[in-house]
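Encoded as structure tokens, the following chain is the form predicted alone, with no partner shown.
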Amino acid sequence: MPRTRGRAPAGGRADALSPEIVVGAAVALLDERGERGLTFRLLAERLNTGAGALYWHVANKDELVALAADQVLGQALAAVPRPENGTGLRALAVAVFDGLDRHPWAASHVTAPASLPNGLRLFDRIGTLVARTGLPAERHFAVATAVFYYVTGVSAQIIAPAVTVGATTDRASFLARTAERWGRLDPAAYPFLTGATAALRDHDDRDQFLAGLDLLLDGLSASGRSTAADPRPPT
């Protein structure tokens, strides 16, 4: 993780800390208190230092949360061994989803396009695996980008709302109320939604993520097989 110099340390020794220690403590606080509960005062108390020493390593709270989310992503990547062949995209995507699901505050901070170290590593691993599928080289970037955007964006769409919902009500109650509202819609105008209330109430978020992921990867696999069977360029 690159060192970020903020203000000069005051009230604490910057050399007693490291970016990894500061960010790791921030991850723990974010898990305990959420993003709104993370303050530099609490973090300094946790690290037995002064706030000025923290600013030696991070410029502000926004940067700290972004780095903390990137550390969570790095832990997810470390749990997935690098495959020797073109397989592994599904395992990689599932590991990222599960890692973010364990730290819901982080989901919306894994941004695209990638800029922080572990975001870059994720994109590079996806691109490397896509390049082994048999797709033409000119398709690698577009497909790798689509997979990266699905994994990070859909994870955020599924996981991040739970942070807001959880602050006011439990998930089951929220889904039940939403299903009731769908059930009161005009079935002539909303034929699918009015028929999907039971599925909404009882669905599993991880299964929802996997359903879309498998469709995406099945299409990628079919494209790779088609290219391998007929390598001629399109006319």
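Don't overthink the numbering: it's just position in the shown sequence, from 1. Values in this document were obtained by computation on a predicted structure and should not be read as measured data.
The next section is about a form of this same protein that is not shown, the form predicted together with a further copy of the same chain.
- Note on contacts: among 176, 42, 28, 193, the single residue with a heavy atom within 4.5 Å of a further copy of the same chain in the predicted complex is 193.
- Residues 110, 139 and 158 are all found to lie within 4.5 Å of a further copy of the same chain in the predicted complex, as judged by heavy atom distances.
- Within this chain, residue 95 is remote from the site of a further copy of the same chain in the predicted complex, having no heavy atom within 4.5 Å.
- In the predicted complex, at least one heavy atom of residue 215 sits within 4.5 Å of a heavy atom of a further copy of the same chain.
- For the chain shown alone, residue 172 is not a contact residue for a further copy of the same chain in the predicted complex, no non-hydrogen atom being within 4.5 angstroms.
- Heavy atoms of residue 78 never reach within 4.5 Å of a further copy of the same chain in the predicted complex, leaving it off the interface.
- Taking a further copy of the same chain as it sits in the predicted complex, the stretch 113-136 comes within 4.5 angstroms of it through a non-hydrogen atom at 113, 115, 117, 120, 121, 123, 124, 127, 128.
- With a change of no less than 3 Å, the CA-CA distance between residue 58 and residue 114 is smaller in the predicted complex than in the form shown.
- The pair residue 114 and residue 141 is at least 3 angstroms farther apart at the CA level in the predicted complex than in the present model.
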